[in-house]
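One chain is shown next in structure tokens, namely the form predicted on its own.
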């Protein structure tokens, strides 16, 4: 029989692991408290109206977060709409369709893309992407889809759509890598059983692979969204930095992260500085709410049972 001292390493490891986990919670609480402490003056002066006010005038000390919340959510949603289909399709190609010799070079290229600093994406966006968008893609979109409010108005180049495209490129490696690992974890028995029943390759992907991995793929999209919500430098360089709400994706915009990065050093009054702190608090709240909503959706997917295939 082992002595009582033999459990000491297990007990110590348990407490060390619990301490490490609790430190994450403590860190989140401390960050939230610091943001709250730094924004008390703004919270007291503007109250809840700060969230739905559209005015941002440092000269008159009038501040509202609505244009920045709008810009953050719209640019992140655009990035997801572009990056998730591309990332999942690339992961499917790498795990199910690509020749073995081709897989590793593509994986290395994806990893190198993930290592590029965001400011490099911003510079590339300014000097390469935006001129091409302004002279070609945006003109094409307005010509064929100009009847939609999303593609109306003057074309500046720097815009909400340009920011969404740049962020989509930045989160594409994350979504692709995680989706690839999830698809690789699907048991081969799933595929073999589908093939044994006479399924085609597409039916195997749909029934045996994607239905099995749908929760993990949704989680990959959520992680990409978390990166998109907090992206700063690249977005600041291509979005136009105008605190206005517009239905057109060609119009410049602003995000919570980019306004903090742009104007923090220019805050000349206490109320101005407190308002920027409150924007940080709002950004943290938006990120938490989005993750909670994602968890609720994930649980609803789990409780819906297996996908039925006719």
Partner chain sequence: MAASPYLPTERFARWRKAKSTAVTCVLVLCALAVIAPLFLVIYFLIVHGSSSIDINFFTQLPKPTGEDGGGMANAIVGTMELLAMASIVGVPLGVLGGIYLAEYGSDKANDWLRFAADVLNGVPSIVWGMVVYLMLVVPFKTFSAYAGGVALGLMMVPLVMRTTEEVLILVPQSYREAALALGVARWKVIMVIVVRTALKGIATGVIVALARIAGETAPLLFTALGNNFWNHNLKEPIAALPLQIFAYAISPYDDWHRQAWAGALVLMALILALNITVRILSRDRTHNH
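Numbering follows the first chain given and starts at 1. These figures come from a predicted structure and were not determined experimentally. Between two forms, the rigid core is defined as the largest C-alpha subset superposing within 1.5 Å.
Here the subject shifts to the form predicted together with its partner chain, a form of this protein not shown in this document.
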Residue among 81, 119, 148, 139 with a heavy atom within 4.5 Å of its partner chain in the predicted complex:
119
Would you check whether its partner chain, in the predicted complex, lies within 4.5 angstroms of a non-hydrogen atom from each of 113, 169 and 232?
yes
I'd like to know whether residue 280 contacts its partner chain in the predicted complex, with contact meaning heavy atoms within 4.5 angstroms.
yes
Residue 34 within 4.5 Å of its partner chain in the predicted complex, heavy atoms
yes
Closest heavy atom of residue 203 to its partner chain in the predicted complex, within 4.5 Å or not?
yes
Closest heavy atom of residue 28 to its partner chain in the predicted complex, within 4.5 Å or not?
yes
Please name which of the stretches 140 to 148, 153 to 161, 70 to 78, 232 to 240 has residues with heavy atoms lying within 4.5 Å of its partner chain in the predicted complex.
232 to 240
Within 149 to 167, the residues having any heavy atom within 4.5 Å of its partner chain in the predicted complex are none
Given a superposition on the rigid core, I'd like a yes or no on whether residue 285 shifts its C-alpha by 2 Å or more between this form and the one not shown.
yes
Answer yes if the CA of residue 26 moves 2 Å or more between this form and the one not shown after aligning the rigid core, and no otherwise.
yes
Assuming the CA distance changes by 3 angstroms or more, are residue 291 and residue 113 closer together or farther apart in the predicted complex compared with the shown structure?
closer
Relative to what is shown, are the Cα atoms of residue 291 and residue 173 closer or farther apart in the predicted complex, where the gap shifts by 3 Å or more?
closer
